[in-house]
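Here you get one chain, nothing else, as structure tokens; it is the form predicted alone.
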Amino acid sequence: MNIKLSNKNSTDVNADILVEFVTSDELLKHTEVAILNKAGFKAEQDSTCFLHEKGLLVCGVDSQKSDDIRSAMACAIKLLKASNYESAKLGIHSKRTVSALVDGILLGGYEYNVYKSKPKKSTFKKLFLTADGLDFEKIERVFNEAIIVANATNFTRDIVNTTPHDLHPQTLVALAQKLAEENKLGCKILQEEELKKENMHAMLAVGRASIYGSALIHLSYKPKNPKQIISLVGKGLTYDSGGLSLKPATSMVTMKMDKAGACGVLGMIKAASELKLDVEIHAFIGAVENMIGGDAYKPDDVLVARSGTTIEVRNTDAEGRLVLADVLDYAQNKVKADGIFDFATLTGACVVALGPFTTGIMGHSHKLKHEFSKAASNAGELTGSLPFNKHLKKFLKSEIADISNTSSKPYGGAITAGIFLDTFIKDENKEKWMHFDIAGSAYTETPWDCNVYGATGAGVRMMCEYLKSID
């Protein structure tokens, strides 16, 4: 679908359908109020009414704010794609809603049809956004940036949605290498022999039973005179069976999404490089597959992490934190960063705590928590802060090793996982580090807002907003 920005008035643009967003108060003054009333349209949020004879699609919104416009636009684009119309137009009334409109169109209209033998073809081809009467130069800049971020989000969705047969640790390596070549990024890959030399035994243990070798991916974007250096770390479990602590069959479905942290990090560095941000970015990914077999790591094993910390394994399904323990330590040794942010589908407990739409944020810096909460809100993502405390830390005590990989109590599971990762953050980096648990927000089987079935690309829009705010 082609989206075109125009500085013309919408009346001067030739298109099949005019799209309008209307609140309940604005409905009373609408020129077609009589017909809309007969149709039973009340302008409730995300409601729509197609007046075909008028060439008009009216969408209900609670307000003209970005969140409501984004959600309504996602509903509208689905209707347009299902219709036999070829084009539509809508007017931009504020610079603040440009990104919301683009997200609604590109994210709400996203489809993943790779595995469909006969994917449906849409007649709808063109959408015109008109910005008559506004500062077109500013609108155009915001529009172009929003396109880049939305495309990076859909890039992330594509990778997450790819099946584990097609996307395993080594094909993830190839995908990262391709991205590095296309976007002129630095690229370093550590395969298993090199991981052994780096003493990354926790990460290696998780992937030991897989037929695919584990790998560490390091991509770098280095502009001249960067304002800051940021390290992004992603959990790349291309599939998680739970290992010998095997998941129930129903829980294994959708486990292709356990690589969403890694995929999100790839989307973030892709967007940053295309936005040409004055921020140096390093993306570190632990690409691993957690399977079962005669060589699988076991509950009761004691692993020695790269940092030298010994870890008692009580549950092989708490594997993501083992991978991140080594990758975080490696990232801190290789890059002196101003910010270290890890993204992982880490715990079901985070979904219980915050629900399926919200990313959990953990760390020591109240300043960073506030900045990311603001960035997420501006980008249309939801976040909730989960607090560390010394009492929950006691639940990770091990009698035979330095730390256990799971809590001894079934409470505060998202927080204890974050506290586990905190063990591998060096003292000088404690205030620079944030952990993002995207277990609930990374994948959905029920469409909401601009998210369709499958991967959401959680974290990409929020991180891009944060990076753009760095001065």
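Every value quoted in this text rests on a predicted model; they were computed, and no experiment measured them. In case it trips you up, residue 1 is the first one in the sequence shown, and so on.
Keep in mind the form predicted in complex with a small molecule is missing from the figure; the text below concerns it.
With the partner removed from view, the residue among C59, A439, I69, I415 that has a non-hydrogen atom within 4.5 Å of the small molecule in the predicted bound form turns out to be A439. The contact with the small molecule in the predicted bound form, taken as any heavy atom within 4.5 Å, belongs to M255 out of M255, M291, V279, I77. Just one listed stretch, out of 124-132, 98-106, 319-327, 188-196, contacts the small molecule in the predicted bound form at the 4.5 Å heavy atom level, and that stretch is 319-327. In the predicted bound form, the small molecule lies farther than 4.5 Å from every heavy atom of T359.
The closest heavy atom approach of T153 to the small molecule in the predicted bound form falls outside 4.5 Å.
Though the partner is left out of this view, T347 does reach within 4.5 Å of the small molecule in the predicted bound form, counting heavy atoms only.
With a 4.5 Å cutoff on heavy atoms, K235 counts as touching the small molecule in the predicted bound form.
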